[in-house]
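A single chain, nothing else alongside it, follows as structure tokens in the form predicted alone.
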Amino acid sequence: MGNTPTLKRIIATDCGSTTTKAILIEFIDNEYRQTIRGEAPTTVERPLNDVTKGVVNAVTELEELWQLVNKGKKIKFVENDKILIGNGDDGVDAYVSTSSAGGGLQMMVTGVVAKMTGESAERAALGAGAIVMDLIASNDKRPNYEKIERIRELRPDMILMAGGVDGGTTKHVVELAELVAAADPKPRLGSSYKLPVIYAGNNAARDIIKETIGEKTDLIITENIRPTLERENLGPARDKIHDLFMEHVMAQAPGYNKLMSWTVGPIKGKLENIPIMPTPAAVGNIMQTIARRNNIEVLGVDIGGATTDIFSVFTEDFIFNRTVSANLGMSYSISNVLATAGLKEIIRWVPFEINESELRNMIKNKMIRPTTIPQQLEELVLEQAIAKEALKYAFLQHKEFAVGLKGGQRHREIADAFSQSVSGGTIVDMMSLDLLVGSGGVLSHAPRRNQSVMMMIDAFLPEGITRLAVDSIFMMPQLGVLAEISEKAATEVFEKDCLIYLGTCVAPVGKIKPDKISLSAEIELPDGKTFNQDIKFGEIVLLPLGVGETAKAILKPGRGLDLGAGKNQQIETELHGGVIGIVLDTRGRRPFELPANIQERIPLLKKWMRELQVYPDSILD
């Protein structure tokens, strides 16, 4: 799909709520590389009220930087206040864009059973890049008047309705449609338009759904999200969400109609319009593309000021999940992190004594001044301690959501007959995870990459052998939409320019006594030296191994521990290096436990941080 090298030059933009980011991708020496990056303030609000102004400003910066890098050679990327497509030596061959301006895509979903069709509808909406404002289900125990009020108050961009298996009873799904009809909701943008509603439920109820809400809403009917209890069919609903996002949501935002006419690229050999994609959906797209092309399991996180998004692709079927922790972030939502985790959980990561009121003041200051960055080393340590807890709780939420299908047939014991639970187990398996990718300011722009490594290891607790990376300048959204026209360009730039490989974490897991050997490692480094050591429980060891380098390793876990091949099983493998190298983490137990006693905990934290070279000695002495 679109793997032709005729795309010599591509521009991709991401229109965020505050900043519009543009990247230039060029075909150089038979490969695609990201060469120049520019940005400008987003102009979707007053006084300009035209998103294309910010796009033009960001692309003009690309043009100026290109000329500077190429020693004054002239080029045009912008002409007559629009992006120039295909004009000899000037212009670009394709232009694609993503957007989360205007608050992104905000949806409500409905389902008959909250933990079955309701969750399937949530997965479809989240996978399409939406923020799910609420889930309304027949069994959610709220009275009908409350549900109706909720639909009216929230004013979502669209509603996704699911419920029932094909050919089953229609009663409950029709009742949900009657609630939507009674609420008569108006869209958030464009009050003169009818609210888009996607019906992806029991096909036997389609005619009654049309009668009930066909006149009051802009009703779109697509295939059932859950045609049987054992099968999910999210693709058609996700596609409809994307289409309606463009037609109803983006079309109401100032300047987006103009921008939509600019985005073009080759599809099956001819230039066509490329739809603008919601930013989170585009990130999910590149994650899935990388997982499929490399046959690996991937987990990615984007921690922002207000929300933390987690994306995962697990199992041999490459099942994609995305969750949005809307109350966990590093500026606007930082007080919610404190409320969720509690002071003790944050303080346990701090390698010095601190007054609780000091920490509270620092958190409140960050909330009311969200654009500030730490001015002192102690503030940086505190911010990164908070980040560990935000990441941890966002990941816990993700694991609860990324589960096998609920309600499907499975082997049951007699004891299960007395259980009302319909929950499936999580498909997130840290032992089989191949690649963990961090993104967002606190991870991508940490003063030392070693700090990013420690935050990711402490928050996600990788098991077995896992490669770690960060997104250098958060270009994953642009690459996600680029994958629609050229997987080759998107994946080459992702591997070579987007990802900064930090190294590999080796972590045997299981219960073991503190004085016992957790890992026997024999690692042959590229310089001919050999690391041969038995490592006791509770240690962190850092071995330098550069980007692109590999080391042959024979790794034997301690008695009762597992590295991925089973308990006590030795592994022979190649470990990949990175900016930091190889981290041997024998702290073992998951979830992670730190001593409650401050006199024991602080020396332990300092010891680990020294070994990982996380902070200067001045703060660890």
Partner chain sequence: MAQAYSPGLSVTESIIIRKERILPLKGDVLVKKGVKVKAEDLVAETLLPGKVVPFNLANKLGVTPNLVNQYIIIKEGDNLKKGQIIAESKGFFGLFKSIVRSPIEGEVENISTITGQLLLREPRIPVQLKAFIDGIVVDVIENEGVIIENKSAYIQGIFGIGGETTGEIMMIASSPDEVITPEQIDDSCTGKIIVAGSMITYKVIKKAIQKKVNGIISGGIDDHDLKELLGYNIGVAITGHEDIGTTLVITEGFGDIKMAEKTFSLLKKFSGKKSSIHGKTQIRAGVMRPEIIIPLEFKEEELTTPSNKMSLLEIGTTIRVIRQPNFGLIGKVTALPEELTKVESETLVRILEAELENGQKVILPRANVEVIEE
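Worth saying up front: this structure is predicted, and the values here are computed from it rather than measured. Positions refer to the first chain, counted from 1.
Another form, the form predicted in complex with the partner chain, is not on view; read the next lines as being about it.
Position in contact with the partner chain when the complex is considered in the predicted bound form, options V428, I274, I354, I131, heavy atoms within 4.5 Å: None of the others qualify; the residue that does is I131.
Interface residue in the predicted bound form among K71, R369, K511, K74, criterion: non-hydrogen atom within 4.5 angstroms of the partner chain: Contact residue from the list: R369.
In the predicted bound form, K216 touching the partner chain (heavy atom, 4.5 Å): Result yes; K216 sits at the interface with the partner chain in the predicted bound form.
I220 within 4.5 Å of the partner chain in the predicted bound form, heavy atoms: Outside the cut-off, so no.
Partner proximity in the predicted bound form: H248 to the partner chain, non-hydrogen atom cutoff 4.5 Å: No, H248 sits far enough from the partner chain in the predicted bound form that none of its heavy atoms falls within 4.5 Å.
Residue contact check: A182 to the partner chain in the predicted bound form, 4.5 Å heavy atom: Yes - in the predicted bound form, heavy atoms of A182 and the partner chain come within 4.5 Å of each other.
Contact segment among 430-438, 167-175, 478-486, 239-247, judged by heavy atoms lying within 4.5 Å of the partner chain in the predicted bound form: Going by heavy atoms within 4.5 Å, the stretch is 167-175.
Triplet E61, A326 and I373 all within 4.5 Å of the partner chain in the predicted bound form via a heavy atom: Yes: each residue has a heavy atom within 4.5 Å of the partner.
Any residue of 126-145 that, in the predicted bound form, places a heavy atom within 4.5 Å of the partner chain: Stretch hits, in order: I131, N144, Y145.
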